[in-house]
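First structure 1, then structure 2: two forms of the same chain, each alone, as structure tokens.
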Structure 1
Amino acid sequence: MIEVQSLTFRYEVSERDALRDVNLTVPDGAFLGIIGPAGAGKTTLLHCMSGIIPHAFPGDFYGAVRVGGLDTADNRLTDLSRLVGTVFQDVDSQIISSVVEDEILYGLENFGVPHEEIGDRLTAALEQVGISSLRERTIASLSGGQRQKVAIASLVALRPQILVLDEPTGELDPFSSRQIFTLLRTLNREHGMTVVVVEQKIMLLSEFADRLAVLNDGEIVKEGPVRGVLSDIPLLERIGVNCPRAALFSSLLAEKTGTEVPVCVSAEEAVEAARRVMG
């Protein structure tokens, strides 16, 4: 569980708060999506959840963030990292090895996993992420989507309770983006990992996440189950956040027919809703 309480943060070099009085609870086993326009503080919030802030980036930090009961300000980043795995926005700067298996070994070695266990953990992580066939490949020979999976596997191997990812599909095509989200869903549902994702691709996010938090100008302006958040289309429009066309369709349909139409996030749901309205 992640608990963010009255969190205000300002980077050392900055003149304005990156986050202002943020309160947010991410329960165990949740799949939370964070959305918001550029500069809203999404990455900052993610870094606060993983403890990178305040440890790696200096600044004024007020309030408290607790991860799995540990206060991030009072615990070392290394200890927090056992609980939270972070995938950075630029995967290429995160990967430090030239071969896939070495990348996954790295964290296992550092965190002192007994050597007789390491082999199994390595194999298991590759399998969970579905990249067993890439084990001996060089990183340079992999596609963007495959590299993203390697980065995820290198964290999954450490068996964190929570995985936080910063725009994991930013550079990927629609097909690979969907694959990454499918993988995150598997990790969330079958392996019980709590997943927090910052993402611009709202359509994909709404389909896979179960909760959304909307950030604007350093504040959380809305938080809750996906459909609840997407039902407030005027708010999303006002702050300049895209909304899945299916959700737009369902809200327009409700308005025009004067009937109750559930908020739809996928094309399939919208088709069903339309058929029900037409009888």
Structure 2
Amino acid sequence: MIEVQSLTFRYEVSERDALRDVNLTVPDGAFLGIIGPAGAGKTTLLHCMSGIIPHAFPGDFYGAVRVGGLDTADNRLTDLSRLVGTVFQDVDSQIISSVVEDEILYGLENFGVPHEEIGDRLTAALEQVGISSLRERTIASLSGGQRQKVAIASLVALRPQILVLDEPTGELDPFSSRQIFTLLRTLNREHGMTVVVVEQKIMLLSEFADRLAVLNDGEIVKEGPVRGVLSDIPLLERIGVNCPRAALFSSLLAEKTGTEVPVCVSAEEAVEAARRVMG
């Protein structure tokens, strides 16, 4: 579980709070999406969840963040990393080896995994992420989506309880983006990992996440089940968040026909809603 209590944070070089009085609970096994306009504090919140803040970025930190019962301010970043695996927005910045197998081995060896477990963990991580065939490939020969999967596999091998990802599909095409989210859903549902994702592709995120948290100007302005959050179109438009077209369509369909139409989160749901309403 992730517990964020009355969290306020201001970077040392800034004159304004990046986060302000944030309260949020992410239960074990949840799949939470975090959305909001540029500069809302989304990446900062992820850094607080992983412990990167306050350990790696100096600033004024108030409140508390606990992951798996550990207070991030009172525990070492290396200890927190055993609980929380982080995939950064620029995935290439965290890949340090030239071969896929070596990249995954690096984490296993440096986190003190018993030698007799390393081989099995490496093989299992490759299989879980679906990249066993890439085991001996060079990182330079991989596509953007494949590199994202390598970064995720290197974390999965360490068996964290929580995965936090900062715009994991930012540089990927639609097919590769969907592959990454399908993988995250598998890790979430079949392997019990809690997943927290900051993502700009809100329609794609909404298909896979269970809940959404909306950040604006450092504050959480709405949080809840996906369809409930997307039903508040005026709020999303007011703060500059692009509401998914499927959700906009279902809202417009309800307005024009005077019928009750559930909030749609995919094109398929929108088509089915139109068929039901139009007869």
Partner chain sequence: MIRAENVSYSYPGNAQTVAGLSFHIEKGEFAAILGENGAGKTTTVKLIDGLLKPTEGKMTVNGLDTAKSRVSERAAQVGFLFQNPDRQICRNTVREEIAFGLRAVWGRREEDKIRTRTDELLERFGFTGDEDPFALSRGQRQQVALASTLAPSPAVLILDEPTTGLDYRECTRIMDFIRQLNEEEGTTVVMVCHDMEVVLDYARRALVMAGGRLLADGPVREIFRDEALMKKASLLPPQIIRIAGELGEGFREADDAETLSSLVAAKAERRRGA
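This is a predicted model, so every value here is computed, not measured. The term rigid core refers to the most C-alpha atoms you can superpose between the two forms while keeping them within 1.5 Å. Residue numbering: sequential along structure 1, first residue numbered 1.
| task | Give me a 1 or a 2 for the form predicted in complex with the partner chain. | result | Here the form predicted in complex with the partner chain corresponds to structure 1.
| message | Rigid core aligned, does the Cα position of N23 differ by 2 Å or more between structures 1 and 2? | response | Moves: no, less than 2 Å.
| Rigid-core frame, C-alpha of S14, shift of 2 angstroms or more between structures 1 and 2 | Not so; S14 is displaced by less than 2 Å.
| query | For G258, what C-alpha shift in Å is seen between structures 1 and 2 once the core is overlaid? | reply | In the core superposition between structures 1 and 2, the C-alpha of G258 moves 2.3 Å.
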